[in-house]
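Quick setup: one chain, the form predicted alone, written in structure tokens, and binding and motion questions come after.
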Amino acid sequence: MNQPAKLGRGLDRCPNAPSTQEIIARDKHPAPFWVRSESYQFLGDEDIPTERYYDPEFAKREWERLWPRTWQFACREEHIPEVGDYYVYDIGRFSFIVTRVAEDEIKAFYNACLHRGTKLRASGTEGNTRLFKCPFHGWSWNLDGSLREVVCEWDFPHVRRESFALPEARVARRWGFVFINMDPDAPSFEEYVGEEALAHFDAWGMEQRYIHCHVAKVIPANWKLTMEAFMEAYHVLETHPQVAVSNADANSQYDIYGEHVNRFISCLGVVSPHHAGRFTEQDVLDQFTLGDSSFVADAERKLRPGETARQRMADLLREQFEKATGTSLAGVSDSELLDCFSYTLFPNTFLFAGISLPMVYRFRPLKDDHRKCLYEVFFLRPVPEGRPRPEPAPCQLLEPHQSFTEAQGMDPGFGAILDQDTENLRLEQEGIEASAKRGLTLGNYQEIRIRHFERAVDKYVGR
């Protein structure tokens, strides 16, 4: 009997199932170049040491070596559209005032008075100002960061105005996002992301989107462990049984782009390989769940003879979304409408390219407890054509006991999925600390994003 050929480590794929690219190639509206690209690498199969998720010394090295040297999403430009607008971004003990100092210039100042260190603006605040004044003794700085006034200046002959400008972090602006980096010697944002990934992000037009919904919640797990819960579709079968029927989980595609970017593409509207032959196309359509699909909830979902669930949902979403938002999707492929495109931009941001899942995730460790993190979800909808840009939705901070379904503007079906994702995390954090096994064992393909992510962590922190 002939034995199947061994493909080599990391080259095996879900057997007897179409690939992501084969599914997408059947769509009526063809996909763009960035959807059709493939870039997998085998990165080894050794365990990932678990102390990085609970060891305070590892967390200390992250604060010292990782966070001050990486590019981080601080805010959207729509948070600070006018000159004088500011937005406070915190990461651990670090705090920055991100402000528009001129129509086409944004700066990020370290949020501390140079007299005795008081924060110039409280954490979690935003607004508009002509100057930054310390609430303790009244020292103030102009919008461009130059020193404006020293109260009782006669008592500070040793203070030289030219050396008392507010210190700045580096700023990069791309796709409507504002990124910051504390390291003056770090590579440029473009070098950091890499040419290939930049081309993908540039193609999305995210600068023409606005924050429709912003929800945050403290998760009782390390920030890396929490991020990794969203890096694979391997968990869908067990964790999300209500959507597994219409999610091509096991034949999702995983890709790596340079040191700081990775992604998966998970096709929706097709039956999971785990359920092959058990459900009809009508069953798939009936159980279809999207991230931002409230406007198609009442649409007709009866399939015509020969019609697939995937194509019907693409057509419905295209029609109903255009009607509800006043936005043309004429140049958008079926795959962009339906599928989950999840990109990790190291260290702590996920960017989603699709229309049905128009999201950004951000994860920030808590400065006083490295076993917890703040998880944020931003839903970005296209700006309606011919209308003013809507104001960005304010952040809704959920209490630990609250469900994501309680957030205003959150699709209930997707909120339930986020609850399922996050309910596992307390058990995982506690489990790896209780385990006799001191490493995480990863799949070579379906969990490659986790390995790639942890390699980047090691690059900055060291093992």
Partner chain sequence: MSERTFKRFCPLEELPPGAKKARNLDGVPVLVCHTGEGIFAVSNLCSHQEKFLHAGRVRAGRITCPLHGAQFDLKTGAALCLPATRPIATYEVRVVDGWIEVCA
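Because the structure is predicted, anything quoted here is derived from the model rather than measured. Residue numbers count along the first chain shown, from 1.
There is another form of the same protein, the form predicted in complex with its partner chain; it is not shown, and what comes next is about it.
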request  = Tell me the stretch among 241-249, 82-90, 352-360, 327-335 that has any heavy atom within 4.5 angstroms of its partner chain in the predicted bound form.
outcome  = 82-90
message = Against its partner chain in the predicted bound form, would C134 count as a contact residue? Criterion: heavy atoms within 4.5 Å.
response = yes
key: Contact label in the predicted bound form: L268 to its partner chain, heavy atom within 4.5 Å   = no
key: G127, heavy atom within 4.5 angstroms of its partner chain in the predicted bound form   = yes
request  = Examine R318 and determine whether its closest non-hydrogen atom to its partner chain in the predicted bound form is within 4.5 angstroms.
outcome  = no
key: Contact assignment for its partner chain in the predicted bound form, among E307, D283, E191, E391, heavy atom within 4.5 Å   = E391
inquiry  = Considering non-hydrogen atoms and a 4.5 Å limit, which listed residue (M231, L225, L120, A197) is close to its partner chain in the predicted bound form?
reply    = L120
